[in-house]
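In structure tokens, the next block holds one chain alone, the form predicted on its own.
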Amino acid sequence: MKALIIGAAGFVGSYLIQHLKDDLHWEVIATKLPQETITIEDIEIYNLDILKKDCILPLLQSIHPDMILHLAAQSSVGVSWKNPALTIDINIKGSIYVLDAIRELDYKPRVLLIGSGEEYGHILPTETPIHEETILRPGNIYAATKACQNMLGKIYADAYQMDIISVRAFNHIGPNQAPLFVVSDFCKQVAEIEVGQKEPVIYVGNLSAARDFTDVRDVVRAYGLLLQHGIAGETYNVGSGHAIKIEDILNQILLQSKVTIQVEVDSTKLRPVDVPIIEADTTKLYQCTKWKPEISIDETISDVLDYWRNQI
């Protein structure tokens, strides 16, 4: 089996490459932007900017992959508030360019489009946990672009008989994640405090929001299973099925810290709009693949802390 990962230089990409290559024993080809690096050996790597439409089809024709995993995205909610136009270009226009190139191929590879639990947005109390048919009410720019990608994927699957599966991945965390994201941000601050690089104060945004956190190593297992067993045209939630308040995550991190740390709110970390709770119903995913998360939140936090301790 030959799998092409588009946008593989990011956080999830490295774990996905390793899983497909080492656990599933597939041939893996990866794309990245020219300024990015991928250090994993024994894979083919190509430079590709998905906003350069004319470059996509020739690459697909030369590789002829059986599976295409579309990871290329602007995936930070915070960045999406600061740069909506860039987020829209990459997540909507870029996805259309990829889908149009696939549509022009003389065969139908299986395609996995990566979306987000953020697409559901402002959830009513009666709608938690969230199943795939829940009405989408995106609460931020990033979520709106991913909801659009999902709708386009469904339209392309139905109208052009393309083999497209979509996922709505809820918050995934793990070692090597950028500190743009909350758990990595907290753990990096703790590691810096432990070695005396900064004062013993951790700066936070909104702690009351509850999110569904899953270890990235569990998430990529779900992607692999969906590529093998998912139904074309369908969307699947990928998450732990249990929402945790950011405050509780922070407390877990502080418990694993080697020093005493104070907590202060940083207004620059607050978002214009924040959805109170996002929690996945993963029944559909389990029925299709029998997937369940295997790595606990405590284990993930420990691994992320150790990652930043080693980096710092």
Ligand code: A2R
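Keep in mind the model is a prediction, meaning the values are calculated, not measured. The first residue of the shown sequence is 1; numbering continues from there.
Another form, the form predicted in complex with the ligand, is not on view; read the next lines as being about it.
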Practice problem: Given that the partner is absent here, state which listed stretch (152 to 160, 139 to 147, 232 to 240, 192 to 200) has heavy atoms within 4.5 Å of the ligand in the predicted complex. | Solution: 139 to 147
Quiz item: Would the ligand in the predicted complex be within 4.5 angstroms of a non-hydrogen atom of every residue among Ala3, Ile45 and Ile63?
Solution: no
Quiz item: With the ligand left out of view, which of Val220, Val111, Val182, Ile114 would have a heavy atom within 4.5 Å of it in the predicted complex?
Solution: Ile114
Quiz prompt | Contact assignment for the ligand in the predicted complex, among Ile50, Leu285, Ile68, Ile29, heavy atom within 4.5 Å | solution = Ile50
Quiz item: Does at least one non-hydrogen atom of Ser166 fall within 4.5 angstroms of the ligand in the predicted complex?
Solution: no
Exercise. Would you please decide whether Phe11 lies within 4.5 angstroms of the ligand in the predicted complex, comparing each non-hydrogen atom pair?
Key: yes
Quiz item: Can you check whether Leu270 is within 4.5 Å of the ligand in the predicted complex, heavy atom basis?
Solution: no
Quiz item: Quick one: does Ile130 come within 4.5 Å of the ligand in the predicted complex, counting heavy atoms only?
Solution: no
